[in-house]
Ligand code: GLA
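Okay, here we've got a single chain as structure tokens, the form predicted alone, with questions on binding and movement later.
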């Protein structure tokens, strides 16, 4: 089993899109080590779409790297990434062409899997654009799953079909290690909060060996890059990262890690939040309550290892208000004489006791997140 906790790494798409090359990938590898991202657990460096020539090699039929962007070939880049202690990731698509109109892997799955293995690939993001009509998407993902298992190299299989055909209910069976069942994230608050709200029903489909991917993080982008929009501020990014950690999503950084702000770096390397994301029990959270007048204000609880819990209050609305939490809904009967002792995950400070009920006021777009232990009152 390749992954027992959510994969962590970096993907080029959010910031760079088409504008990628060997020097950028090597500089990013350097930055991931220099800025402490590898030490924090981010070990995959993934090149997204736009890395290949527009057509396959006419002699071998293989997908080949763009000779201008990658003049020494992809193995040279892979070797450099590996020399830094990182793992190397690539991109392909289940269709005849990728989403950016480069060669896809349809009907070439075994050849392409072997090619990726030759390049030293450790991670494959597999998209879903330009598939022939009336082809069952489940079959296409099964085919690549079989091909990867027989390519002679361990390659993490990251399926990305945007939730088509209720993919959460069957993607694990294709051999996927993680899967995305959302549309593309945009760098604004509404985009990532809508993604989270759309995925509450999928939490039961995520766990060891196959994790529901909420898409690459936009933390630290501030409106710049390939999926730039209005951008977010540090409070917005705080909530995004906390939600991704609470829901056990793979953590794939999307900002330019060569030029992170101190605030973004501190958030992305927060040991308490990463420990939540990487909790070995991999239990999903469940909703405890929402604001009666605004369902974008919610409280969640998640069972953790060592008989601990995560309790979170998330205001995904545009105004401040209280968010209720009923201990009864979290499994503590009113008469049991137990409560939750809280530790703030952002600061590490003691946050007191949560007994029968609390209704904290959370500012717009903000959150509060605690590690909790059950204690006798």
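Here the structure is a predicted model, which is why all the values come from computation and not from measurement. Positions refer to the first chain, counted from 1.
Here the subject shifts to the form predicted in complex with alpha-D-galactopyranose (GLA), a form of this protein not shown in this document.
Shown here without its partner, the chain carries 91, 160 and 184, all of which come within 4.5 Å of alpha-D-galactopyranose (GLA) in the model of the complex through at least one heavy atom. In the model of the complex, alpha-D-galactopyranose (GLA) sits beyond 4.5 Å of every heavy atom of residue 203. In the model of the complex, alpha-D-galactopyranose (GLA) sits within 4.5 Å of a heavy atom of residue 13.
For residue 127, a non-hydrogen atom is located within 4.5 Å of alpha-D-galactopyranose (GLA) in the model of the complex, even though that partner is not displayed. At the 4.5 Å threshold, heavy atoms of residue 99 reach alpha-D-galactopyranose (GLA) in the model of the complex. Exactly one listed residue, out of 219, 121, 113, 216, brings a non-hydrogen atom to within 4.5 Å of alpha-D-galactopyranose (GLA) in the model of the complex: 216.
With alpha-D-galactopyranose (GLA) omitted here, the record of contacts in the model of the complex names 47-55 of 47-55, 320-328, 344-352, 306-314, defined by a heavy atom within 4.5 Å. Residues in 50-87 all lack a heavy atom within 4.5 Å of alpha-D-galactopyranose (GLA) in the model of the complex.
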